[in-house]
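Following this are structure 1 and structure 2, which are two forms of one protein chain, each written alone as structure tokens.
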Structure 1
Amino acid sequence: MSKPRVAIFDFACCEGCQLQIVNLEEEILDLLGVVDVVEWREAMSEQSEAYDIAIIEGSITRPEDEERIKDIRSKASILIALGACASIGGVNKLKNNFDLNDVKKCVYGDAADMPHLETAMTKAVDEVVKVDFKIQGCPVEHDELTYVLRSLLIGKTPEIPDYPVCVECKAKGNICRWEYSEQCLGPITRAGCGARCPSANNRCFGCRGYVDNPNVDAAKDVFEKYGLTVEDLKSRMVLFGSKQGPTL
């Protein structure tokens, strides 16, 4: 029986989530034993037009990117969005809060009008094509990455948490970051990271996107308890939640 063919592609990103694949170290050898990686620009020079699973890192920021991702989608039986940029648009969506011409001038200066620097509103991959599975985070979690890949390889649908980071904080016995006067996004952000940031004495920044049905009323109760408004929290949602997010 032939191995599933896997291709890894990158769009607008820092490629940090692909580095997490490399960081699997010994585990990556196990995965390579059961799949055939046919394209991965960061690790190999070979390219292929035939693959079963496409793993996408990065957001869609140019018209030609949209055409490219549509072509990839047409060839892949399964398409996985890897990391925050691919799954929710990531920090690249900050651009959407400003006039695009102003953004180009700020970044590129006198070269802003060069044709190859043309840009558009940033989109997550699923705003352009159908995404079968998302591996959230900035960067992705080792354990979740291998869990999703192993599940797919044995024909099992991976179960991604649809409860907030607060649940994981409670399980770990963390003191709530709100008690430190930090506007934490844990009440509305999807769990699965093991409450990485709060456990490291920092607030949740929302890099895993929002739970499907956030308990908005409970979140508002938290704001009121600490003398804050909905607008205060919205200002914290911009980093990973520009032009998106739950209605608060």
Structure 2
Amino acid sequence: MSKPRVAIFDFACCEGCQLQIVNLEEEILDLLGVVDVVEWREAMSEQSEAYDIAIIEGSITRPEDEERIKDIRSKASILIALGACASIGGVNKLKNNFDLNDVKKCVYGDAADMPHLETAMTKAVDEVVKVDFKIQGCPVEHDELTYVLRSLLIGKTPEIPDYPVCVECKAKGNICRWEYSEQCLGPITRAGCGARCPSANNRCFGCRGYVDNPNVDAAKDVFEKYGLTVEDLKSRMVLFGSKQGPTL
């Protein structure tokens, strides 16, 4: 049986999630033992016309990106969104909170009007084409990435957590950041990172996106209970939650 062909593409992002693939170290050889990587700009020069699995990193921020992702989709049997940028729009969605002309001026100054700097509202990949699986995180977790790939290779649907970070945080026996009045977004954020931030005594800032059905009203109640305002909650959610699913 021939090995499944995998192609990796990047859009607007920091390439940190691809770096996580590179960082698999010995495991990358295991991976290459079971798949054929047919296109990967960061690591090789070949391009391919067909692939079984397309892995997409980054968000869609220009009209020409929309055409490119549609073309990729048409050639792939399975399309995976890799990381926060691809899955939820990520940090790139911050710009959707502002006027695009202001954003361009702020970033590029006098050069803002150059034609190649044309930009559009940031979209997650699934706002443009159908996404089969999302691997969350900024950046993604090694273990989740490899588990999803192995599951797909044996024809099994990977189980991606739809429960909040609190589950993993509690299992680790952490002290809840809310006990120190820190505004942790764990209760509405999708697990899978092993509660990285609370385990290091920091609040969760929501890099894995929301669970499917986050109770944002409850979050408002909690912020009020702690003498905070809805504006405070918004400011906590803006980094990864801008124009993502439920907004306040």
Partner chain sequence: MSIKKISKEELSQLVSTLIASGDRVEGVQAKDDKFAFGPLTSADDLRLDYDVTLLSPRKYVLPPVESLMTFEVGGRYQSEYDTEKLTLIGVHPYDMIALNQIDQVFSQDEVDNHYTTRRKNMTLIACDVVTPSENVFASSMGTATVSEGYDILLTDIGDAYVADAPTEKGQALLCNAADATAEDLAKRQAVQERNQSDLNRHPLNCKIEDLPQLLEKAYDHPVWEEKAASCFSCGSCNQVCPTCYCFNVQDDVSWDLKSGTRSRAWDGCLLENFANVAGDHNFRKKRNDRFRHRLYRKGKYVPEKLGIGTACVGCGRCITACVPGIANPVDIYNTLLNDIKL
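Reference numbering: structure 1, starting with residue 1. In this text, rigid core is short for the largest set of C-alphas that superpose within 1.5 Å between two forms. Only a predicted model underlies this, so the values are computations on that prediction, with no experimental measurement involved.
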property	result
Index of the chain form predicted together with its partner chain, chosen from the pair	2
Exceeds or equals 2 Å, Cα of Glu25 between structures 1 and 2, core fit	no
Per-residue C-alpha deviation between structures 1 and 2 [Val230; rigid core superposition; Å]	3.7
